[in-house]
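Just the one chain here, laid out as structure tokens, in the form predicted on its own.
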């Protein structure tokens, strides 16, 4: 080892899903298969290219205001960033500075461990029960903060609002972050609890329901005090985090509520159809309330299925791991894409 190497911060990075550069049935990264709202395209076509020479608004004022209006909160309660990953990373940096360990589930979004190790935050991972559900009593103990997704990933399980509130009630002296990347496909949002619990931060994204993963827009909603702390950290790190294009397109995406709701319902309908088809083929899975299904088949090895699907240009996600190696995470695509998946699986099962 070189002398300087001992002072290098080394982290095992997050591994994203594959992004094949050719046309495939892409069901591996939970992207929305439908285009963004029509106003987004119009905004792109009418953008003044000359503005690209200028720095973007560091406050992201128009986008913040549009989100605040949409959710019925004040501008001072909204923080935006380059995807929810950026927002969450900033939350880790800003709020998780206790010597006590933060808590998050053992099977969850794997970036949490990466950020904890990057920022040298101690952490513990309470084990999900045999049905992949969070055991809320495991979060009653002393800690330095809590984060969990709802619905959880990759399990797809949504917990009702009273469950979330129970965790909040038992942890009012630390920051609790509810990561709601998939909430639009599920049920009530923890945003309903923002005014009741001053330590709550809710994080959402444009990457899933709003079909804008490529634009990288995420946001947090909380009380003005916590949002100010986030902005103070952001301005100490990078004042111009969001580009001009994302700011303009983000506003247009939020404005078109009817289109948003229509596309969400279309995905939910396709999800329910896919659940029924997979069940008929012998697959089992937690009851998905997200835009993906976490499925296994009792007669087939998940990795073999994963490889067979990939060979047929159908991409799903395989994680491995002691408790997840029997499962495939299957994103919900268009009805046509899901029919292609089901047809392949029917033939595979019949021939094996």
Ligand code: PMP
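Positions refer to the first chain, counted from 1. Since the model is a prediction, treat every value here as computed from it, not as a measurement.
We do not show the form predicted together with the ligand, though everything after this point is about it.
- At a distance threshold of 4.5 angstroms between non-hydrogen atoms, residue 181 is in contact with the ligand in the model of the complex.
- Taking non-hydrogen atoms only, residue 85 approaches the ligand to within 4.5 angstroms in the model of the complex.
- Mapping the unseen interface onto this chain, residue 205 counts among the residues with a heavy atom inside 4.5 Å of the ligand in the model of the complex.
- Within this chain, residue 109 lines the site of the ligand in the model of the complex, having a heavy atom no more than 4.5 Å away.
- For the residues 216, 266, 113, 255, the 4.5 Å heavy atom test against the ligand in the model of the complex is passed only by 216.
- Out of the listed residues 125, 153, 230, 191, 153 is the one that sits within 4.5 Å of the ligand in the model of the complex by at least one heavy atom.
- Only one of 95-103, 126-134, 193-201, 77-85 places residue heavy atoms within 4.5 angstroms of the ligand in the model of the complex, namely 77-85.
- For the partner-free chain shown, just 14 of 9-38 comes within 4.5 angstroms of the ligand in the model of the complex, judged by any non-hydrogen atom.
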